[in-house]
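One chain comes next, on its own, written as structure tokens: the form predicted on its own.
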């Protein structure tokens, strides 16, 4: 029984056509379906039907989907969530386009999460038989796939307990106030071998900080920065490196103000990985390793 990965992010946008240009032309995602004020998109190296859903009408996250290994996992996770004490309900095949049965729950930070096992197979642009290393005619950045998300909420430690107790995740890194006052200010949770699949920052409930797309390496991050300059994409910060996760990064905004990230590098984090701890007085270095200080937007702009 396991959760394999972050399968999709469903977010609201104020202008669907401007968002189409950003996610499809600049980031290079493929539009797989549209209708009823929604766009469904995937990266070139994602084989399921979609990983990003954009819905016209506002800003911020609607919900997040995690894909589980086996259909039988859903019943076991449903019981674990009920025992934990959160609101849980079943979702039926077809409730989400191209997605099978699942379990929906409301987290202690008042975010909506869904667990599912089946999604329509779309295939990658390179195929699975003697494939090329990448598609010849990538658009824009050419993001291959969705990687992780960071949300905000008041009960960071409650989120840790839920994902550890119910799903068996582990904590790669944490930010605490100080060794003398170890209140958790942020946590980075991993479902498997990545530095994080989900991160939670102490802040207002129900908010989105960012969702991120993985790139190959630092050179790909730099190239993305050049393309953002060409397309007048508002950049929050970067290219730079994180202390937390050690990844290289650019944070930027879509036309509605939802923060995105392109991310590369980092380390392998397994279940026996010792949790790395940062203190609040070192938060600038932890987040932006080179500048060693935060900009005003990073801890104040959420959607």
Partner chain sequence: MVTVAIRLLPDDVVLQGRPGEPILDTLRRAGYSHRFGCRRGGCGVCRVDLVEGSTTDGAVVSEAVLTPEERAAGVRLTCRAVPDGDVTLRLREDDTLRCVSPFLARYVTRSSLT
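Positions refer to the first chain, counted from 1. Since we're looking at a predicted model, the values are computed, not measured.
The same protein also exists as the form predicted in complex with the partner chain; that form is not shown, yet it is the one meant from here on.
K.L.:
Going by heavy atoms within 4.5 Å, which of 238-246, 261-269, 34-42, 55-63 lines up against the partner chain in the model of the complex?
P.N.:
Among the candidates, contact is made by 55-63.
K.L.:
I'd like to know whether residue 301 contacts the partner chain in the model of the complex, with contact meaning heavy atoms within 4.5 angstroms.
P.N.:
Yes, residue 301 sits close enough to the partner chain in the model of the complex that at least one of its heavy atoms falls within 4.5 Å.
K.L.:
Examine residue 14 and determine whether its closest non-hydrogen atom to the partner chain in the model of the complex is within 4.5 angstroms.
P.N.:
Residue 14 belongs to the contact set for the partner chain.
K.L.:
Evaluate residue 253 for contact with the partner chain in the model of the complex, applying a 4.5 angstroms cut-off between non-hydrogen atoms, and reply yes or no.
P.N.:
Contact with the partner chain, yes.
K.L.:
Report yes if any heavy atom of residue 181 sits within 4.5 Å of a heavy atom of the partner chain in the model of the complex; otherwise report no.
P.N.:
Residue 181: no contact with the partner chain in the model of the complex.
K.L.:
Though the partner chain is not shown, can you say which of 217, 232, 89, 226 has a heavy atom within 4.5 Å of it in the model of the complex?
P.N.:
Selected option: 232.
K.L.:
Just give me the residues of 146-180, first to last, that have a heavy atom within 4.5 Å of the partner chain in the model of the complex.
P.N.:
Contacts from 146-180: none.
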